[in-house]
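One chain comes next, on its own, written out as structure tokens in the form predicted alone.
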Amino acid sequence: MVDPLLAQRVLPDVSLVHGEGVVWDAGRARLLFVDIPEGRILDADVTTGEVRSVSVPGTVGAVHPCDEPGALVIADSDGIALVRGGQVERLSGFLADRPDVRMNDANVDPAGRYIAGSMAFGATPGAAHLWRLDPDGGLHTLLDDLTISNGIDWSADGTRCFFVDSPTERVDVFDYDLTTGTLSGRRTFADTSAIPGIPDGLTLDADGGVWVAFFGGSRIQRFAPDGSQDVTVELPVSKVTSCCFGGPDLTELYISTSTEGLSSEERAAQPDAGGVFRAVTGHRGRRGALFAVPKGSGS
């Protein structure tokens, strides 16, 4: 392993309760992320520091750009929705009658489907699922009996899907059928039980490396394509939640963090907790896929 890299805080005016889901919107050169319990969607210019914010009812676990300019897809407290001009349009409300469960991390597969997972507010074992929303509006359950459905991303050719159910302390990999959007052949890619914290969000780089945020571990850890530990990025805060590559050439690693569960003493010792960070790692990311807005969704 190489010596750890240090991440630096950016967007000094941004302080989040439970920041999550950093995503680079390459079409607009802006960074998207959420503050889950506050129901806030944030949209930032990392060069100027200008930040826009939209609030939605309930919680919001993830946000991603769409193939329709100006539209965003979110995983929120009721399921999956579009946000246009600050207005929420429900695509699927499968959690509307489950006040004990909320949506968590999500991503867009290479075919434009939205793959989104959930968790119980009390992290009840087995209460979470992973769903797939297709461009035709059809909703399908991909995995059940999960606890905290978290980071998800695909290999460059779309044939492998990497996934975290946080309490397992593993990064798993599936075979992925890009034609049907189905998972099979689940196996362990990396055992993370010896790393401080639990695995949270993740992203893949252009070389097939898997970068994983460790909640409670003050770090992002890269795993080489063979699953071995490689680059470590250290942060001055403990609750590290997600990461993505961004910037004009996709060489900047952006990282979200949280204040969730910190005591007043820990909060005082971590004044940058809840901030957004950046590190230059020597690796390059990949441009993310856009969610294919279902036909018939009105504006």
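Numbers follow the displayed sequence, beginning with 1. Every value quoted in this text rests on a predicted model; they were computed, and no experiment measured them.
The form predicted together with beta-D-glucopyranose (BGC) is left out here; the points below concern that form.
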{"item": "Contact check for 9, 46 and 281 against beta-D-glucopyranose (BGC) in the predicted complex, heavy atom at 4.5 Å", "value": "no"}
{"item": "Option from 106-114, 143-151, 81-89, 169-177 whose residues, in the predicted complex, bring a heavy atom within 4.5 Å of beta-D-glucopyranose (BGC)", "value": "143-151"}
{"item": "One residue of 202, 74, 119, 130 in contact with beta-D-glucopyranose (BGC), assessed in the predicted complex (non-hydrogen atom, 4.5 angstroms)", "value": "119"}
{"item": "Position in contact with beta-D-glucopyranose (BGC) when the complex is considered in the predicted complex, options 230, 252, 260, 38, heavy atoms within 4.5 Å", "value": "260"}
{"item": "Any non-hydrogen atom of residue 183 within 4.5 angstroms of beta-D-glucopyranose (BGC) in the predicted complex", "value": "no"}
{"item": "Touches beta-D-glucopyranose (BGC) in the predicted complex: residue 18 (any heavy atom, 4.5 Å)", "value": "yes"}
{"item": "Contact flag, residue 198 vs beta-D-glucopyranose (BGC) in the predicted complex, heavy atom cut 4.5 Å", "value": "yes"}
{"item": "Proximity of residue 162 to beta-D-glucopyranose (BGC) in the predicted complex, heavy atoms at 4.5 Å", "value": "no"}
{"item": "Neighbours of beta-D-glucopyranose (BGC) in the predicted complex among 269-288 [non-hydrogen atom within 4.5 angstroms]", "value": "none"}
